[in-house]
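Only one chain is included here, represented as C-alpha cells and corresponding to the form predicted on its own.
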C-alpha cells in the first residue's frame, strides 16, 4: 500500500469498486476489464486504472482483472479482513434503520450493543440485540472494548457523549448527528454521514439535469 495518504476522492470510489466486484463475483464473472468497470460505474477506464495503480495495479494487459482477486485486494486496502466491533447509540427510527439494514450489509463489522436513554426502550430487540440503557455504557465498553461507536443522536447529545466514548477507548465514530467531532477529537477516525446533504446534492443534479428530447 502506498505510504502517501489516499486522496478523499479515491477513498470514496474504493467501496464502489468493492461492491461492484462483489456482485460480479456472485454472478460468476471471472475477469473484467477497466472499460467494463467504467461502463457500470460511470467513471473513465483511465480513472479506474489510475486509482488501482496506487496500490499495485493488479491487472494484466490484454486480460484485465481477476474479479475475485481484485475484490480481495480492495478488501485488504479497506481493512475489511480485520474484525471491527461496534456499538450504536440512539435507538430511534434512524438507529433502528442503521442497525437493521446498513449494519447487516457492512462487511467486517460486528454490532455488539445498542444503547438509548429512554427506559421504555430497554429490553426491546433490534437484530436480536437488546436495547440497553445508556447508564450501562461505561461498564459495557470496559468489558467488550468496542472500536467503533455509531452516533444516531441529536447534535448536542452527540457532543456531550463523545468525550466519554474517547476515554473508554472507542477509536472511531460513524456519525449521523449534526455535530462534527473531527476538530475536537483529532485522534478519532470520524466518518460523518449527512443524509440531508445527500438530498441537497440530488436537488443540484435535478436542477442541472438535461431535459430529454422526445
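Positions refer to the first chain, counted from 1. None of the values given here were measured: they were computed from a predicted structure.
What follows is about the form predicted in complex with a further copy of the same chain, which we do not show.
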property	result
Contact flag, residue 23 vs a further copy of the same chain in the predicted complex, heavy atom cut 4.5 Å	no
4.5 Å heavy atom contact, residue 173 and a further copy of the same chain in the predicted complex	yes
Residue 117 within 4.5 Å of a further copy of the same chain in the predicted complex, heavy atoms	no
is_contact(residue 188, a further copy of the same chain) in the predicted complex, heavy atom dist at most 4.5 Å	yes
Selected contact from 134, 121, 94, 112, since only one has a non-hydrogen atom within 4.5 angstroms of a further copy of the same chain in the predicted complex	94
In the predicted complex, residues of 77-92 near a further copy of the same chain [heavy atom within 4.5 Å]	77, 78, 79, 80, 84
